[in-house]
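Taking the form predicted on its own, here's one chain by itself in structure tokens.
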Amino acid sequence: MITPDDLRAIAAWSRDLTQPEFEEARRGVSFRIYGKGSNICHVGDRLESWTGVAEGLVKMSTTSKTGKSATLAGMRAGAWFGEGTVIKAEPRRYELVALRETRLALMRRSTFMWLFEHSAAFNRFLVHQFNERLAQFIAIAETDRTLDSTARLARNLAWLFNPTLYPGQDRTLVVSQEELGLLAGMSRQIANQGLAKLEALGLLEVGHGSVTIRDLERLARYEG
């Protein structure tokens, strides 16, 4: 069982729970660490826990029958995902890879379902989460078909700062250009060129191993 401060730090949704709901959530969460490059799960695996990123960076992707891989989302610390899979008790439909050493918070299914059935605050969070994820995946389908590499990079970066999915997070993310390339499905060199274009437009600032967002609204709407 994790401490109250740990749960509040990694799960913004927990701050709106009643005290009994908060304690139930706390009893159901444990941690697991994955090394850089580790497969967290494959398509068809049964990961029986609702999952949060406590530390690190995770890539969600799929691979077609022809072997083509497509990134669905990148998830930084503060992200919680897999609620649909947990509710339906079905195998995972995507792959998860730790892009750096990553610590995941795992909430057992029985705890998740108790909150789902008893907590109004938890259900409000899930509704907002579902809406934002749906918008994200629709946008991914659009960007893959219509936008160039710099615009795809801009959209992927903007999602990592989405205020609904990552409430209370600051505008700086420790991330390498290699990691950004993996998240956006492009080489490190192409990602570097895209970052330079976006920085020249005043949308972000590239630091040593970090990116600071200067204009999130324009970054999210950038089309090249």
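Numbering starts at 1 and runs along the sequence shown. These numbers come from a predicted model, not from an experiment.
Omitted here: the form predicted in complex with the DNA. The next part is about that form.
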request  = Using the partner position in the model of the complex, report whether Ser69 sits within 4.5 Å of the DNA, counting heavy atoms only.
outcome  = no
key: Partner proximity in the model of the complex: Arg27 to the DNA, non-hydrogen atom cutoff 4.5 Å   = no
inquiry  = Is it the case that Asn39, even though its partner is missing from this view, gets within 4.5 Å of the DNA in the model of the complex, heavy atoms only?
reply    = no
request  = Although the DNA is absent from this view, report whether Arg171 comes within 4.5 Å of it in the model of the complex, heavy atoms only.
outcome  = no
task = Heavy atom within 4.5 Å of the DNA in the model of the complex: which of Met186, Ala158, Val53, Leu165 fits that? Just give me the one.
result = Met186
message = Just to confirm the contact call: exactly one of 55 to 63, 176 to 184, 40 to 48, 27 to 35 touches the DNA in the model of the complex at a 4.5 Å heavy atom cutoff, so which is it?
response = 176 to 184
